[in-house]
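Starting off, we have a lone chain in the form predicted alone, written out as structure tokens.
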């Protein structure tokens, strides 16, 4: 099973929404994790779409980044939106980030106060907690932990820490995207190895695997006009390894003519696609349409299509 980890920014949520039909056709393979970063209508419409298609998902109720972090009131806001889901739809989990500041009593009281006693949980482990056995006992008392997602970007003890958890709940989480300081730097990189978790996760003892897609774990609120436009596309190489190819504009001296920079990157992407290197996903189809029309859709849409392509690629590669 694949559990893509997305911060709930606008185009990340739209990517999930526009892939609902594809995910519904593969619902036994996927369970998105959403860390809300803003109280928005897009967040509400996204979880509504997932529920309508009976796609399992997790929403984190104690985000660590964005406008909704570090507040009891924000947790109430998130849970309030979840309480709007149809009462007969239970195919989702409350997500809880476990870090050094995690307060079990506070979280559990909030869940009780808002009427979610007995709900299933996804625990995302970002640190090693010496009291983890007590935490698990408390979460499994009257509730149920569906997934223990271990963030191995921060927890290096891959050999032993996962022994704390029931084997059929363990999911690995890694940040495989090698971010560069500037978009222009991706032109020098060209491409890089991403992962081969889709091949080995079961053999390694995991129920599923998770990643931060082609965005990476570091979070940024801001948007700015870039000097370069980069399109990140994942593909499986001849040895079964997923790699990420970076298509980057050429005219990167200043922040002018972003549409022209996109056209430069897109031209290289389409030429590469025409050589048959990549799965023809919905996103690739839309990139082809943009190439034909010459339309620049905005930077958010480029990010959305990269996310959609990665999810559809993984769904195509893994078996049930």
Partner chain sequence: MKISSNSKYADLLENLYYYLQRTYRSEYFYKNALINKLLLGTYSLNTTTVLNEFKIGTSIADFVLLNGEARIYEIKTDLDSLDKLEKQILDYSQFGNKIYIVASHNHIEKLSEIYADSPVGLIEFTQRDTLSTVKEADSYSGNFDHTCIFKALRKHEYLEIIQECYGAIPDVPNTLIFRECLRLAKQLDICQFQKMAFEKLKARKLRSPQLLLDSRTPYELKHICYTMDLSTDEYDNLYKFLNKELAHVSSLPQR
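Computed from a predicted model, the values in this text were never measured in an experiment. Residue numbers count along the first chain shown, from 1.
Below: the form predicted together with its partner chain, not depicted.
Every residue of the trio 253, 257 and 294 has some heavy atom no more than 4.5 Å from its partner chain in the predicted bound form. Contact with its partner chain, judged by heavy atoms within 4.5 Å in the predicted bound form, is confined among 275-283, 257-265, 34-42, 66-74 to 257-265. Residue contact check for residue 206: none of its heavy atoms lie within 4.5 Å of its partner chain in the predicted bound form. Proximity of residue 152 to its partner chain in the predicted bound form falls outside the 4.5 Å heavy atom cutoff. At the 4.5 Å threshold, heavy atoms of residue 116 stay clear of its partner chain in the predicted bound form, well away from it.
None of the heavy atoms of residue 139 is located within 4.5 Å of its partner chain in the predicted bound form. Think of it this way: in the predicted bound form, its partner chain has a heavy atom of just one of 227, 201, 212, 219 within 4.5 Å, and the residue is 227.
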